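Given next, in structure tokens, is a single chain: the form predicted alone.
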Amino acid sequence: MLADSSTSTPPFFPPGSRIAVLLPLPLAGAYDYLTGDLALAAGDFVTVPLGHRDLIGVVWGAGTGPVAESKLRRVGCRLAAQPLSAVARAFIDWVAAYTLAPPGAVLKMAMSVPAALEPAPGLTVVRRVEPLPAVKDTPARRKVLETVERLPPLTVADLAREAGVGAAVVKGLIEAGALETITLPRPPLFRMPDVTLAAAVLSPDQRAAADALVAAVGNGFSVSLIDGVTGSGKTEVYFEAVAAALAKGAQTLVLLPEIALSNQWLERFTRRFGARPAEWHSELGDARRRETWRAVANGEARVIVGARSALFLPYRDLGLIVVDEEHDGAFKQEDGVSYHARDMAVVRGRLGGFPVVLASATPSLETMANVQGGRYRLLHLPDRHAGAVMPEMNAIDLRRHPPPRGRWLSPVLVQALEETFAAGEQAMLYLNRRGYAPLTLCRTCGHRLQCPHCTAWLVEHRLAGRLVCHHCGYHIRLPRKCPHCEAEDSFAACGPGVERIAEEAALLFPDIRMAVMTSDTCAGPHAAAEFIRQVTAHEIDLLVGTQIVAKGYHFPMLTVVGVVDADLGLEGGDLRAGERTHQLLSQVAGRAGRAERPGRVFLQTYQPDHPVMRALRSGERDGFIAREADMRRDAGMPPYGRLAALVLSGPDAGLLDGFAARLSRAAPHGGGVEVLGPAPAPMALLRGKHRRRFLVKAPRGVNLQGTLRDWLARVEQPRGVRVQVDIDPYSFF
């Protein structure tokens, strides 16, 4: 265990020392430099020369490289930023070793806002000069001077607004010597959460779980899973742990899978603690990112809610991590450094010596295996909060109750929607396909419109009037002629997307108020917040959406959920296909009947007897998980075996195949290690680059990272070819 606080004493290097500096670049490791006249400590941010440019890096320790000291260059200067703590540096090293990523690439995630390393600018305000010199008197100037007398120092713009004059009047008084500008420290960006405010009234099960979490705060490393059905009040339970961490002066990180869509969570936090937490996600502007990064580093931000990248912020005194919806695939980063934020959060807690809380209504098989192995503690919430009951689950066999020709909604589902709207209640239709149609083909020759840069069909977005590749962003207008046979106006949309489902619903129910909620229509937290407000205020009767509608929302009047294609996601050879489909459909179903009105869920399926459908109808989640675990155990797949993917990519297919063949000949054997491939990846062309895949299976006891490291070192990687290593892969595209 390492001290997470900046008050711990790091290694000290006096002037003239040889030190190692890690740079935020994908290099093999740290570079050695001389401190010159500077006295430095591990974790200090410094500028160093590299080639013909100066870069910012972090003092990582004593220099031990092979370069002679006489050839080393000197550190430029030490920055005034808060040093990177020992536990943060250990975490970066751990993540790099586990993922086989260069340590500098991981450091880059921790240094994601280089401008925040500069001192925060002060606040320039205006005050009156005493004694007041003689200046030309005007009514506007008198207003300004009177305002200055009765208010604290303000900025030029604020003073002008308070006085009801233009900024030029204030500037004129500054030039005349009647006012002067001074620079003050900026006020705190984030208010301190108030732990004394009244908390929600908890049920006995909730209280028992909350008490266990509170007892864990401040008592070393532990991992607890809150396993509660949808609507069981898991958030209010872990809020008690947050309050305990705040009372002990520690910072708390809450990871959410879709931070841009978390408006309801933020409102609940604000009601509970009287202040909003610091937010960290990709939608923040540059200035806000700088301010938030500094506030986390200096300890001003006490609670941070963020997406997976928030794990790498420079916490001053982190004492609790909560991973909400821990099963969600959004916690897995595929590009760059491949890591799973849930697993890395557990590592962060172990290194820092503090508790980690995982929460889910549909825990991942990996987490349940850790519970069964005694490594994680289970806290169970079997009932919905405030007397609400779980929704009634219904499977619609589309072989017996098919939709009319050219339609996608079964008569059984349509009748349920009619009853819902007649009762003045709300409904949701779920289909995890953006756009109008997933495929567009020529009626004459069968030609399919495909992305020229990816192995993917173009998806029609009729509302935007274009065909789009969801992988690289390429888009075109619908051609008038088929590029293959030149037939005119021959293209037909095949299959439904959410826009097509909304079109059908509008024809069936012309008088209802409807909205489509996808990542296209919810571009950022403000748009998402407006959607949530409209649904909560019952300004929308029918919500049609993709998987973002399943993210923990609470809509009291929503009583019916229809899953248009429950079979989507069950096929394709993904080892987690069944588990993921069960989780997603359970979460979607959990939006129904969360208040006093009972809910109903309708699953349209051609496979009503599939194990996933049977588990959803019966509510036998634990039995389903046990069967999935048995199949994984028999196949030696995670979490009962090790798995890694190697993805080779490059613009030259011939060069790529040659490198893949050489890697294949050098592949490791023995000790239970099995190498599958090379083979073209399912997405064989992505953003203009060809892709080949290896899968490596190994028993739990094998040092998989060492095996991969030795294998890759035996074969020279050609220029223009990229090797992406993914330990514990979650997608296989």
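Nothing here was measured: the structure is a model prediction, and the numbers come from that model. All residue numbers refer to positions in the sequence shown, first residue = 1.
One more form of this protein exists, namely the form predicted in complex with a small molecule; it is left out here, but the text below deals with it.
Lys551 falls outside the set of residues with a heavy atom inside 4.5 Å of the small molecule in the predicted complex. Mapping the unseen interface onto this chain, Leu202 counts among the residues with a heavy atom inside 4.5 Å of the small molecule in the predicted complex. Proximity of His610 to the small molecule in the predicted complex falls outside the 4.5 Å heavy atom cutoff.
The closest non-hydrogen atom of Gly599 lies beyond 4.5 Å of the small molecule in the predicted complex. For the small molecule in the predicted complex, the listed stretch (120-128, 233-241, 616-624, 505-513) containing residues with heavy atoms inside 4.5 Å is 233-241. When you look in the predicted complex, the only residue of Arg632, Arg580, Arg268, Arg433 with a non-hydrogen atom within 4.5 Å of the small molecule is Arg268. Scanning Ser85, Gln587, Gln206, Thr292 against the small molecule in the predicted complex with a 4.5 Å heavy atom cut-off leaves one residue, Gln206.
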